[in-house]
Structure formats: C-alpha cells, structure tokens
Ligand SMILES: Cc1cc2nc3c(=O)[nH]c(=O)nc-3n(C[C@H](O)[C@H](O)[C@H](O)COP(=O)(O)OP(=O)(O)OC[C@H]3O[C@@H](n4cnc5c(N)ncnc54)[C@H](O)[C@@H]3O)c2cc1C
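Below, in structure tokens: the form predicted on its own, a single chain.
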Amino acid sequence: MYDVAIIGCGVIGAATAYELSRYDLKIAVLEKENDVADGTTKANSAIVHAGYDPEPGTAMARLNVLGNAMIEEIAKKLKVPYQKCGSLVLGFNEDDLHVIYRLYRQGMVNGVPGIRVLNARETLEMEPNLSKEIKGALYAPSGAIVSPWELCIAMADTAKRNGADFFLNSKVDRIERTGTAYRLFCGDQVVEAARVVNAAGLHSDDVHNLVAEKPEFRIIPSKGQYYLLDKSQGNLVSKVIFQCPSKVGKGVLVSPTVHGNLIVGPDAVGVENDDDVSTTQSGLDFVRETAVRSVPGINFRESIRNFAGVRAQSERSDFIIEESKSARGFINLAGIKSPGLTSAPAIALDCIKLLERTGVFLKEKEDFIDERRKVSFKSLSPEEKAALIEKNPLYGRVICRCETITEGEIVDAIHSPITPRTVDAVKKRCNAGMGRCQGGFCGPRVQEILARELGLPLEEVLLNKKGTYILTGETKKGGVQQ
C-alpha cells in the first residue's frame, strides 16, 4: 500500500513527487505515456512568468510569484537550464498603456519584485530590435526562461532517487474505493494507495470522474501553435516580449530560449481532441503576422520547427487545487493553465498541505537528496574537456553536431533514474537532435546507442510514443515483413 499515488507526470505531478519525496512516505507515480514530461509540459512557451497578469487574490497570483522564486532555486540545485532575463509587455497605443498600468498595479499587489513602467525610449534602449511604433512597456526583471521538460525530468529523477516508484505506460482506467483507500487499475496492473493526487492535466476531469459521484469540473483544451527559429535569430531580443493580454490569453510572445533559439507563439484555438497537436497554415500565419508587430526583423525563413501544445484550461477562472467533494483523500490539481509551469513547485506545496489535512503524517527525511549532477560537455573549458575524455573516451565522440552533444552525455541520459527508451526521450534529457537539423544526422546514431545500452533490437527503439516505429523491416528483403 502506497501512502500517496500521483496520477500524471507532467511538471505538476513531478513537482508534487519531488516535494513529497522530502518526507518518509511511500510514493507511486503513474504516467500513461512511455516517458514523463510528454504532454503539455513539453510543448509550451517555456516562460517563468513574473506574476503581474493573474487577478490579485487568486491562487494563480499567489502561486505564480512564489513559483517564480522556487524555480530559480530548484534550477540551480538540479542543474536545469534557466535564465532570469526579464520580460516586457509592449504598448502600441493609449488603450494598451491603460492595460499596462493595470498590470503594473496588479503586479504591485501580487508582490512582483522590481516591476516598473518604461517609456518608449527606455524600452528601445533595452531592446533595440523592437518595433519603433511602441509607446511604452511594462518591465518585470523577475521574468525568466527555463527548459520545461528538463525541469520536470529533474524533479522526477530526484523524486525517484529519494525513493518514489515510477510506473510508465500505466494509464489509470478504473478506480475502486477500498474503505479509506483507493485501488487504481492500469490494465492488469493494480496500485493501492491511501491518498491520490490527480495531476492528469488534459485528462484530469476524466480521472476525477472515475471515482467521484458526479463531475466537479470540466477541462476545455486550448491549442497554441509555435515557431521555433534557429540560433541565428536567438539574439534578436534578450527578454521575453509580450503584447498586451486579451481574453484568450497572454497573446503572441517573442522570446529567447535557454538553448539559444528564438520561440514565437502561441495562438489560442479551442479543440475537441485533447491530443490534437497538429499545426495549421492559418494558425501559423496568425502567429507570424502578430509577432512581427513586436519584432519586425524576425526572419521566419530560419524556422527549424513548428509545433503545437494543448493547454488544460477549465471552466473556472482559477487553478483547481482541492480535495474532491465526494472522495476523501482524492486531491485534484486541475485546470492548470498558464502560469502553470511557473506555479508548479508552489502548487506542490499547496497539495502537501491538503494531504496533511486529510491525515497524511509528514516526517522529513534526514538523507533527502536535493542535487543533481549533469555533464554539459560544450560548456566545459578545454582543460576540463580533455580531462573528461581521458577518464571516459565516450565524451570525445560528438554525436549531435548541431548541439555538440557527445556519446558520453547520451549514455549518461540513458542511465539516468527514469530510463528514456525513445529517441525523443533522449532528446529531452541531453538535447541530441534539438538543433538545426532536428535529428536528421544524429537520430540514427542515438537509436543505435539506445539499442546497445538497453539491450533492445534496433527495430524496437521508437521515435517517441507507442507505435512510432523508425525501422519496420529490411528493404533488401522486400520491405515490411508481416
């Protein structure tokens, strides 16, 4: 019997597992996909929001500002790419300036540090490549950028090193109550737990309805599409550039990434299918035409990838962080829309308080591990590189030429606590395939290394999700063999 079972391991589930693993508790994490960070967490703007946008008095406002500070600390301890670059909200007319002053007042009430309103000259001195049409801007120095999937993986890995059990490919399809506890069915696999945390993101309403007497909330998926541009565009701006928010979100942003690229997007379109991550020409046209209003010089011919992510919005205007009304000890962390990534560590703290109120006894571990080692070969000095190669020659073989990722780093990733078993899972952990060619050169090499290290036939190494086979047969024998 587990003390706590967490359903879903995006950044909310991972943060909850990480914070819970500080205590003497038996923890299970159930994830329906073959890797963590595989839903909304891997396809978003990668922004650590400052906290001026949420309405004062809401959970979003409180947890945004707290989460902003927590991510900076966690990223430092767990070696997660993070950069406190600041953010700007641009105003192009008098109406926008009214919005900017409203955001400024909200930011002051929410406790956002260092926030201030700039005139056009001050804004352009900070960011000379912005449109000359701007009239002013809101500047928030605590705005930042992070690698969202690496933050999730780092917290999940650390939770596992501190004793949490992870069950991948484990979709919860039935829940039974057993007195004061729960029995979670994942096909033929059964996990029993005294308490359950529902962090199932886009499917959190479905998971809740497996146990509740009646629905208490509904997830309304909203898709956002993006451009990811080559590093040649990465220095066009140094801060996260927003336009004034609208009813459907924070609008199209232009931002550097922690990997040196430029990200542009998203739009916001309602979708019927939670898993619809397709892109459309009309959506991308909207993103491009809106973004050049902020930064006219973006060269979209340098785009290396388009992608879409789906946000788990609910019909409520705030995060849903509460115990189910009809299922004692069943905690819902749902409707975690933006700034959900930023708020994730703070949401985990709220969750732990809720669990404690249901009777979970919290005793801190004396031997909690709260650091992570990770080699980034290209960031080392020549002397450090030479010493590392002498110790392990695998660091002397560059596999991903675009990102300068060595075989040693890929092998490190494969043998990390939560074993990646697909080419994209390796990509999320060490950046192999993240560059201009998007894995065109290194993909087959990563596949070979995965097969070798995990003892798998080459044909069984997938690109990402179940069924995404890369090799299906030998062409010399006539193609696919049935």
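Everything numeric in this text was worked out from a predicted model, so none of it was measured. Heads up: residue numbers just count along the shown sequence, starting at 1.
There is another form of the same protein, the form predicted together with this ligand; it is not shown, and what comes next is about it.
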property	result
Among 109-117, 285-293, 126-134, 223-231, the region lying within 4.5 Å of this ligand in the predicted complex by heavy atom distance	223-231
Triple contact flag Ala17, Ala156 and Ala193 to this ligand in the predicted complex, non-hydrogen atom at 4.5 angstroms	no
This ligand contact at Ser170 in the predicted complex, heavy atom, 4.5 Å	yes
4.5 angstroms heavy atom contact with this ligand in the predicted complex for Val254	no
Any non-hydrogen atom of Ala200 within 4.5 angstroms of this ligand in the predicted complex	yes
Touches this ligand in the predicted complex: Lys32 (any heavy atom, 4.5 Å)	yes
Of Thr422, Asn68, Asn431, Thr40, the one that lies within 4.5 Å of this ligand in the predicted complex (heavy atoms)	Thr40
In the predicted complex, the residue from Ile219, Cys351, Ile74, Val310 that sits within 4.5 Å of this ligand by heavy atoms	Val310
Those residues of 119-152 which, in the predicted complex, come within 4.5 Å of this ligand by heavy atom	none
